[in-house]
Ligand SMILES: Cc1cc2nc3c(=O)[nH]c(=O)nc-3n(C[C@H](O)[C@H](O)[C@H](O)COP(=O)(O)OP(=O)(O)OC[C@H]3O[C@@H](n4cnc5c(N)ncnc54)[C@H](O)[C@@H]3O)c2cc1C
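Before any questions on how it binds or moves, here is one chain, the form predicted alone, in structure tokens.
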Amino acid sequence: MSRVAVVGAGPAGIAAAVCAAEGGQQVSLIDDNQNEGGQIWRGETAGEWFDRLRGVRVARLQRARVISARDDALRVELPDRALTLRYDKLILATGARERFLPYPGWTLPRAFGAGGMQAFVKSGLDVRGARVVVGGTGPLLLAVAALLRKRGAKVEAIIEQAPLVRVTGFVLALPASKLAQAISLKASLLGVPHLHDRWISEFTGSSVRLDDGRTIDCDYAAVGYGLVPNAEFVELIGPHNNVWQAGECTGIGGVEKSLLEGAQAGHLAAGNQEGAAALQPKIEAARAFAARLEKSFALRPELNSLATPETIVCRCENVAAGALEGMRSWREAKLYTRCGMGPCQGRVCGPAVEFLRGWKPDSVRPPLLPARVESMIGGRE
């Protein structure tokens, strides 16, 4: 029996933990949320997978954050203590986060990311009667708009930056099951204007302005430009034997891809090569879908000019876009402006700056997240 540590309890992590435990391994499932499910299954149940998780022996570490790793051990911080968790095999299912592109007004109250708005509504934010504009890019916009409408909000418009021809081609190439879901979502949004080839260039607090000069009155702006993998842990660990990656941290492709990759990683950790191999054709199909998704909703170059010199890029350290002029790298920007040095450690501004400037972090160092000093220097095994 091997000790298998699974980092992340979204769909990929749950599938990995279940398949490893069903294969007879000693499994620990670590996640920084109160409940399993990740962002996609927040506040919801997922039928079969939650039933299977309840049916196996898995040590669950909730509200737990992995802050560093070395050799065969993870340093884990919990609300009241820290511990060192040793493992023989490691599965990274760290998911993804929303990509924000700074635009005038994006730091005002009632300006959300599209995924952030979804999470807040699922967690209880009352939007009954509120006027909301949903913008950015990707299929998530329809899901968010449908949820908002279901919860009583008035969705004033959906603003999609991708051209209609690309989106239509993507939809028509969907397999039957996904096409049915798309049609159902679209039907639930009858009467809501859905603009393509357009983007939100400003939020005033009471309206949004589009790139063509039109304004739409609203109480909330929910704007997100897709997802980016949470790859910091992957980069910190580096390539090792007995370490697998699964889900959105390997590339954005949705729940089906995450479940398949998670299940395969769990089988491999349990030594079930046959079970892992049987999933490979479906995984290849899911990854092909992910590639089409990325191509269809690729960010257009005009979005590079969204931020004005006064627009805040790094919210943690209050760094405006103009302060980055003349900088040649992410490291230089950190040294001179503290961009990326705040509590989020560049998780929000990093992907934005990469798109705007082409800069990438040159290293990943522990702690991966802000941590208590005592969490770094000792603790129980």
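From 1 onward, residues are counted along the sequence shown. All values derive from a computational prediction rather than experimental measurement.
The following text describes the form predicted in complex with the ligand, which does not appear among the structures shown.
**Request:** With the ligand left out here, work out from 348 to 356, 65 to 73, 334 to 342, 317 to 325 which stretch has heavy atoms within 4.5 Å of it in the model of the complex.
**Result:** Checking each option against the 4.5 Å cut-off leaves 65 to 73.
**Asked** Which one, Phe233, Trp244, Phe112, Tyr87, lies within 4.5 Å of the ligand in the model of the complex by heavy atoms?
**Response** Partner contact (heavy atom, 4.5 Å) among the options: Phe233.
**Item:** Among the candidates Leu306, Val133, Ala96, Val127, the residue which, in the model of the complex, approaches the ligand to within 4.5 Å (heavy atoms)
**Value:** Contact residue from the list: Ala96.
**Message:** I'd like to know if Ala9 sits close to the ligand in the model of the complex, meaning any non-hydrogen atom pair within 4.5 angstroms.
**Reply:** It does: once the ligand is placed as it appears in the model of the complex, Ala9 has a heavy atom within 4.5 Å of it.
**Item:** Residue contact check: Leu369 to the ligand in the model of the complex, 4.5 Å heavy atom
**Value:** Leu369: yes, in contact with the ligand in the model of the complex.
**Request:** Using the partner position in the model of the complex, report whether Ile40 sits within 4.5 Å of the ligand, counting heavy atoms only.
**Result:** Within the cut-off, so yes.
**Request:** Report whether the minimum heavy atom distance between Leu140 and the ligand in the model of the complex is within 4.5 Å.
**Result:** Yes, Leu140 sits close enough to the ligand in the model of the complex that at least one of its heavy atoms falls within 4.5 Å.
**Prompt:** In sequence order, which positions of 315 to 346 have a non-hydrogen atom within 4.5 Å of the ligand in the model of the complex?
**Reply:** Residues within 4.5 Å: none.
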